[in-house]
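A single chain, nothing else alongside it, follows as structure tokens in the form predicted on its own.
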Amino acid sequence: MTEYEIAKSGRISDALSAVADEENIDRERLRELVAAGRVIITGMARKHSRIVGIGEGLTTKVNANIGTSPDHTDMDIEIEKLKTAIDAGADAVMDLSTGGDIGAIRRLVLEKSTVPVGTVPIYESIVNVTRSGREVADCKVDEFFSVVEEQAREGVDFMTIHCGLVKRLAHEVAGRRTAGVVSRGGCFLLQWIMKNKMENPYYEHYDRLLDIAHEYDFALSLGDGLRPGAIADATDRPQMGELLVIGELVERAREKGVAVFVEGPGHVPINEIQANMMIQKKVCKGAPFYVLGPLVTDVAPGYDHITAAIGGAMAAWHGADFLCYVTPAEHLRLPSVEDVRDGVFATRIAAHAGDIGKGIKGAAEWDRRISRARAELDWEKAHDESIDPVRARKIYDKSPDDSEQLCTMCGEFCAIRGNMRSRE
């Protein structure tokens, strides 16, 4: 039985108990949420991985993407990125490799990762095809699914598969957007559908996909192949059309006993974020929502970890459950190790801000602890309570005050010191 089926049967698994303890939530309440498909539990495939709950009533989780490209295939650097992402507090990672020995890189990531690992199987399918001298459209249905099964056997915890980009939507989106189709998986499928004049193989053979997911109990992330890559394209007909298809696929997955969550946009102006979250939750019957950002403006290459954090905080506040980080390198190049670190921390800040907004138990208490430490000029405790203690100490130590109590922002005119004196 899958974790989803165990919860539906009324039983509480060890994995569910572990998540309940970590999240400080009643076990029976969590079982009900899992059974309703509003929470998924992942990370059970490998004994050395942390088990993570994603969904309603739980803290907002953060994912970090790593992986090679055809131009950068250094496996050691990707493992360093993996370690950096986990050390910075990522709750999950995705290996999106398209260069080098993709299988070997994934297996090493699975071996080294102490958090759940996700993939996008179509990447490997298409790379295999193009390396053999064929075109994207030449990929056979069995080649799409053999990669899914291979990755499942190896212990991948969740897979993003773009099942909702159906043939009629492929025709609708062509040439009608400012930024076109920016999802790499979505673009592969668009080419395949248009050239072959056939239905999306993941949609047409969805039951086959569900059978594999059920056998290996990995969570299915229904990818948004038509996510907007520009704010001008946000909440348009192709995006909404794909979401309606995904809503149907969520219900079919649940009928088969498969845990499922839904991937979302993308680039969305700040005034449309709440509506996007509400529509997804409604259409997809409360399935956990996984968003990339969303980025609230297109004009900030080099600072897109900030534009994504703004959108991510808003999205989490209004119901998003899982935030995919965006690094400063987004739209520019493959991220460096430092970019990964910056992206994780920016997204963790967004997730925490969202948790405060939606009233997650214990979220605001963290803020109260650091505020009390500041009010007492207890710098060590304030550093310890920081989301990034190493960076906080490093910045503070660059300009120490002789008193070892004050910082150089206000010096002797410190308002907190003034508060203390007024109470004496």
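All residue numbers refer to positions in the sequence shown, first residue = 1. Predicted, not measured: the structure shown is a model, and the values here were computed from it.
One more form of this protein, predicted in complex with another copy of the chain, exists but is not displayed; see below.
Only one of 310, 245, 283, 108 has a non-hydrogen atom within 4.5 angstroms of another copy of the chain in the predicted bound form; which is it? After the contact test, the surviving option is 310.
Looking at 79, 152, 231, 279, which is the one with a non-hydrogen atom within 4.5 Å of another copy of the chain in the predicted bound form? Partner contact (heavy atom, 4.5 Å) among the options: 231.
In terms of non-hydrogen atoms within 4.5 angstroms, which of the given stretches 294-302, 249-257, 215-223, 198-206 touches another copy of the chain in the predicted bound form? Stretch 294-302 is the one.
Can you work out whether residue 392 and another copy of the chain are in contact in the predicted bound form, taking contact to mean some heavy atom pair no more than 4.5 Å apart? Heavy-atom contact with another copy of the chain at 4.5 Å: present for residue 392.
Any chance residue 180 has a heavy atom within 4.5 Å of another copy of the chain in the predicted bound form? It does: once another copy of the chain is placed as it appears in the predicted bound form, residue 180 has a heavy atom within 4.5 Å of it.
Does another copy of the chain come within 4.5 Å of any heavy atom of residue 388 in the predicted bound form? Output for residue 388 is yes: heavy atoms within 4.5 Å of another copy of the chain.
State yes or no: in the predicted bound form, is some non-hydrogen atom of residue 127 no more than 4.5 angstroms from a non-hydrogen atom of another copy of the chain? Close contact exists here: in the predicted bound form, residue 127 approaches another copy of the chain to within 4.5 Å, heavy atoms only.
When another copy of the chain is placed as it is in the predicted bound form, are 330, 375 and 396 each within 4.5 Å of it, taking any non-hydrogen atom of the residue? Yes, each of 330, 375 and 396 comes within 4.5 Å of another copy of the chain in the predicted bound form.
Taking another copy of the chain as it sits in the predicted bound form, which residues of 1-38 have a non-hydrogen atom within 4.5 Å of it? Please list them. Counting only heavy atoms within 4.5 Å of another copy of the chain in the predicted bound form, no residue of 1-38 makes contact.
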